[in-house]
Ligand code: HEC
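Okay, so here's just one chain, in structure tokens, the form predicted on its own.
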């Protein structure tokens, strides 16, 4: 009897302690305490679903772990034109204005506003370079943008490039800082952080979303940037025809396989040095190369090449090798959009390489002016490159604009 009484008391004490601990986790219900229920901040860890042959090192800052609620909030903010801090229809602009899902989150050559796929800001000032695809960036540890200026070791705030003085947290080292760039840059939204924060905070639908993602309904720039960065990191593509071939789910055509061999050999098209191969499912090394498309390189020809970041003369005219995953959908091509089609790109690497002392040493075909592919080889290479298109990625509703956004 005494043992039963002792166990009952022990259970009651444990229950009181547990209830007290859980009560400390409770905060105001984002719906105003409706039905008398308190809101418990218990975010759901975000789980990636990519194949085992993908990289395992993820670029996720310790102070911004990914959660289902954070990614969902980021999806709304990514597509909300009021991120510009304005409400007039002609002044709405968001990340999704220039990064279109059907074009693998680039602008796309057939954009209804940006002729030839080259965007411009609300000021009318064009972006210095074309948009890069927002795909598989969570695996990129070598810097963002064409010249890699956004990287974890960047000591600079980058204010001179954008004509505004950033706050200390805008350190230009990760995806989060790119959100600030998009809001304030003259060639993008050309707004202010304060204006954006105040407007988003005034929209009723966001209070419960911020509370679910961060624990309280407070809207801050830090939370806006973290949520959008979480959504961007969730944009993972892994379901192309070539992925299915690697997983044994289908067989590639003879032409596609021929193109893969050309892609993967120095005696063929010699693409793999910069864009990886079957052992690199990102289809980019995320490194920077002068790919022999010009002969003259100075700070006047482009002040935003890799040299602008490193100060190393060997980096003049060098830019990141973009991923070839979904490249069929991301025209125009190169940092300046000089090629409108993949056929033009293949012709360039086949027959139009231009010598300069800055051309990267991996451009092995430079002495011959290119890979000298015949028409059949060009068609095979194109067929293989198109096998890297992930149609599920560009139609996935989890990555699309929410239906209830204006």
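Residue numbers count along the first chain shown, from 1. Since we're looking at a predicted model, the values are computed, not measured.
The same protein also exists as the form predicted in complex with the named molecule; that form is not shown, yet it is the one meant from here on.
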Subject >> Per-stretch contact check against the named molecule in the predicted bound form, the hit in 337-345, 38-46, 65-73, 51-59 (non-hydrogen atom, 4.5 angstroms) >> reply: 337-345
Subject >> in the predicted bound form, the residue from 190, 260, 289, 206 that sits within 4.5 Å of the named molecule by heavy atoms >> reply: 289
**OP:** Could you work out which of 137, 219, 104, 212 is the residue within 4.5 angstroms of the named molecule in the predicted bound form, going by heavy atoms?
**Re:** 137
Original post:
Taking the shortest heavy atom distance, is residue 93 within 4.5 Å of the named molecule in the predicted bound form?
Top reply: yes
Original post:
Do residue 240 and the named molecule share at least one heavy atom pair within 4.5 Å in the predicted bound form?
Top reply: no
Original post:
Applying a 4.5 Å heavy atom distance criterion, does residue 307 contact the named molecule in the predicted bound form?
Top reply: no
Original post:
Looking in the predicted bound form, any heavy atom of residue 293 within 4.5 Å of the named molecule?
Top reply: yes
Original post:
So which residues in 343-373, when you check the named molecule in the predicted bound form, have a heavy atom no farther than 4.5 Å from it?
Top reply: 345, 349, 360, 362, 363
